[in-house]
Ligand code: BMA
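Below you will find one chain, with nothing else, as structure tokens; this is the form predicted on its own, and questions on how it binds or moves follow later.
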Amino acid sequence: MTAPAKPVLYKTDPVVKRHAGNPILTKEDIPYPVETVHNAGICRYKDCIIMLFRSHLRNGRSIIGIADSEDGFNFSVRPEPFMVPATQGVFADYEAFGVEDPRICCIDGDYLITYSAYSQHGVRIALAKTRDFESVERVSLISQSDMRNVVIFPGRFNGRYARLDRPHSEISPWSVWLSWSPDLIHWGESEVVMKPVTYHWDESKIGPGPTPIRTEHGWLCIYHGVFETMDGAVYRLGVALHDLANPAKIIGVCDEWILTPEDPWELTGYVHNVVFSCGAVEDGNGGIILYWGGADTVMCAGTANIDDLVTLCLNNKRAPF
């Protein structure tokens, strides 16, 4: 007789364990007027963890603030925003409606920041960089309109850079692509690597989340997936594993979500029923601290074991499309 299948880990023990102090950052923690704190890029810098968070102003447009933490859960917000829409040069025309949803990737001492630039021309991706999180240099606009959710891999592949991106398109709709670049500015050779699955928890749209994490089994990539219900859209988080040598090849996509809106500040807010992640850091003990925006209103955090996430991609997987 065949032994019954072993239950998936998080059926009884959630793979992402919410921090008891959630939400870890709200608009009341910000020393200048904002209405939300969400969708933050995260990285380690020297002996602390940096958070670059998005906030709505009362005119509805977004800026990016900055906060520091020693333990990854208690953050101190700096007195001024880190990035606001540019007022001169080519960036001014394409950031007029706001700067949003940063991701941070460190390569050769440069902290590369990809973010969504909104304007009357739509949304496109811009690249900025810093070495000290005191000053920031805008480098280039690295996509056409309409494009969101660009995440750069923290390394090179045969001398080239790789990124995950998500065009706004009804052709292969709302899918994740992988693109290559020799210099971080010019991108091409794009190919679809992952698509929403019909009548699945992520059937409406998907998009890359935090900067990929290198493991011995592959690049661990957390992504968001959307499902339309009778009460509107629900944003959840899933996880996929990409090949180390060629990240355009996906080894496995976990068939089930790893995080869904449950707490009151995830169920109700600026946008209801949302957990949305732009950042995660390794904790040095085989785990990660994962950060997500709750209902596009507050910042939350949780922890997960890297091996558990990899196992879900290998043993409880579906095809990427």
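What you see is a predicted model; the values in this text were computed from it and never measured. Numbers follow the displayed sequence, beginning with 1.
Another form exists, predicted together with ligand BMA; not displayed. Remarks below refer to it.
**Student:** Looking at ligand BMA in the model of the complex, do all three of D165, W177 and L241 come within 4.5 Å of it through at least one heavy atom?
**Tutor:** Checked in the model of the complex: no contact with ligand BMA for any of the three.
**Student:** Under a 4.5 Å heavy atom criterion, is A280 part of the interface with ligand BMA in the model of the complex?
**Tutor:** No.
**Student:** Verify the contact flag for L290: yes if a non-hydrogen atom of it lies within 4.5 Å of a non-hydrogen atom of ligand BMA in the model of the complex, no if not.
**Tutor:** Because no heavy atom of L290 falls inside 4.5 Å of ligand BMA in the model of the complex, the answer is no.
**Student:** Given that ligand BMA is not shown alongside this chain, does V271 nevertheless sit within 4.5 Å of it in the model of the complex, heavy atom to heavy atom?
**Tutor:** Because a heavy atom of V271 falls inside 4.5 Å of ligand BMA in the model of the complex, the answer is yes.
**Student:** Decide whether R148 counts as a contact residue for ligand BMA in the model of the complex under a heavy atom distance cut-off of 4.5 Å.
**Tutor:** So R148 counts as contacting ligand BMA.
**Student:** So which stretch, 22-30, 256-264, 271-279, 40-48, is the one near ligand BMA in the model of the complex (non-hydrogen atoms, 4.5 Å)?
**Tutor:** Looking at the partner contacts, the answer comes out as 271-279.
**Student:** Considering non-hydrogen atoms and a 4.5 Å limit, which listed residue (F75, Y235, Y115, Y223) is close to ligand BMA in the model of the complex?
**Tutor:** Selected residue: Y235.
**Student:** Taking heavy atoms and a 4.5 Å limit, what residues of 283-311 are near ligand BMA in the model of the complex?
**Tutor:** Result: D296 alone.
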